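This document starts with one chain, in the form predicted on its own, laid out as structure tokens.
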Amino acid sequence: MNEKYDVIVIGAGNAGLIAALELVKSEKKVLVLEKNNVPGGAATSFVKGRFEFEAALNELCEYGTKENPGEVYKLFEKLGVNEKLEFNNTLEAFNVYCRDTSMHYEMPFGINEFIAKMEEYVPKSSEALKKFFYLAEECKNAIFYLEENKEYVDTNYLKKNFPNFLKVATSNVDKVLDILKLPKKAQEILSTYWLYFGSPTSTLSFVHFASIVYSFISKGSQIPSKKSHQISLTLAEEIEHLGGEIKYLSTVKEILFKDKKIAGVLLENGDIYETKHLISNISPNTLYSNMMPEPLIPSSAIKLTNSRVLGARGFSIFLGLNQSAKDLGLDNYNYYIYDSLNSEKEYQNMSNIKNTSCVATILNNVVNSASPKGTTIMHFTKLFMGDTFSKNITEKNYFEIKDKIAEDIIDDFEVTTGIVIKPYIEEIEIKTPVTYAKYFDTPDGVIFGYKATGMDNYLPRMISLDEENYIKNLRFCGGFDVKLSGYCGTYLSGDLAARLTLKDIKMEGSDE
């Protein structure tokens, strides 16, 4: 007989692990199926030579501290894992170089400190920036209210307590910053962080952008002292400790149905596990295309998925340097290298395979023990928009192209910052959209889920969440879900998927 579970989670990425742990703590019988041999998805590490590299995490937002906790801190506290994790605070909010103006801006954490520094760079910007942070805090609180009271929103309460939120709820970033009369130069510096949303400020929701930036500046960002895989392992260990099961090297071949209702999953090795409730930590594109009988997929689900635009593709360079960061002059944690601070221009430029805009991080400047003494770990993240990478490569030129892109990025970093690193490279690893597509099962190597634009911005998706529940008892989580991309979003997405699944189970019980 096939073993039965209350819930099966497909994929042991950040969101899947959070969802599974929350369900296990709610005394549900849970099985997590992971195709790789370790948990974590992007939250993992790998070893090359004498270096252990962080695979993906640049910085964790919404964690904060015990004294100033963010939403992720509160979630981890609820799940009982905070005391098993150790975090280090990053140095600065961001450190950005702009090639077309040859300007360099270094912005601190702390709202008052941030405003004061901006005033140095852009005189007479402080009043408008104060209004921005006031409005951003209101937007964040309004979002929290809507999420917690989604089934019944008191419009009078909303109007009374969040009147400005209602005025900007459907506006993009550029529009609201113009209304606030924030000088254009200050707008561009403030918007440096747009890259992590994968969408230019002309189409990015102000509410989403402002609420995240408010948390980022007010609570800082953190790096786990033992890399993001420490979080993955801790979550996995806690799941198993509480009676949940995780099966690695277990690829789901097909979702099984009985009388058009979810009945279980069939693995590639022939094993079958029964359940009435599934949580998918893989994209709807992959699940619908590879794991479901086409006649059982509602046409509305296929139509919606096909209408969404895939987000940014990832290209990463991992360097092990045989000199210390101090000796090399790498004094900051992050280096944003842009051709222009105009996000629309940068977004368009990222459709050019020769564009070298990127973010570089120096892990040793946050975690001293990140690599052997006298060495440095450096990580470059480059985004390609659309099919820029895939349409330019063939089987014959793949290695030549990826090596050339990496070389150009490193050369431009040296020219832009004046910091020489090439002679000190001991180890180098390059990961392209092809790598990410193979490891994460994401279409075309997407690392940012769907592009956040129009009705695919956070707020419209959150409001229409129940309407998108096309297949009963199937919930999605992760970077393609309503919380969008990034470590913070995926952790919170897993929490949301678990709560919705518990609600589904309760409703199913009441129907019976």
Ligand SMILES: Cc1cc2nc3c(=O)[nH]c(=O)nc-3n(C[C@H](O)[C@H](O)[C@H](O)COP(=O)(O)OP(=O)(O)OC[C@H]3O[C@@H](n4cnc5c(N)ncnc54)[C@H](O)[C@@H]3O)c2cc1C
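Here the structure is a predicted model, which means the values were calculated and not measured. All residue numbers are counted from 1 along the displayed sequence.
A second form of this protein, the form predicted together with the named molecule, is not displayed here; the remarks below concern that form.
- Only one of 218, 340, 225, 316 lies close to the named molecule in the predicted complex, with a heavy atom inside 4.5 Å, and it is 316.
- For the candidate set 53, 487, 450, 458, a heavy atom within 4.5 Å of the named molecule in the predicted complex is found for exactly one residue, namely 487.
- Taken together, the three residues 282, 291 and 479 all come within 4.5 Å of the named molecule in the predicted complex, as judged by their closest heavy atom.
- The closest non-hydrogen atom of residue 62 lies beyond 4.5 Å of the named molecule in the predicted complex.
- Contact check for residue 26: no non-hydrogen atom falls within 4.5 Å of the named molecule in the predicted complex.
- Within 4.5 Å of some heavy atom of the named molecule in the predicted complex lies at least one heavy atom of residue 379.
- With a 4.5 Å cutoff on heavy atoms, residue 70 does not count as touching the named molecule in the predicted complex; it lies far away.
- With the named molecule left out of view, the stretch that reaches within 4.5 Å of it through heavy atoms in the predicted complex is, among 62-70, 440-448, 461-469, 45-53, 440-448.
- Taking a 4.5 Å heavy atom cutoff to the named molecule in the predicted complex, none of the residues in 328-356 make contact.
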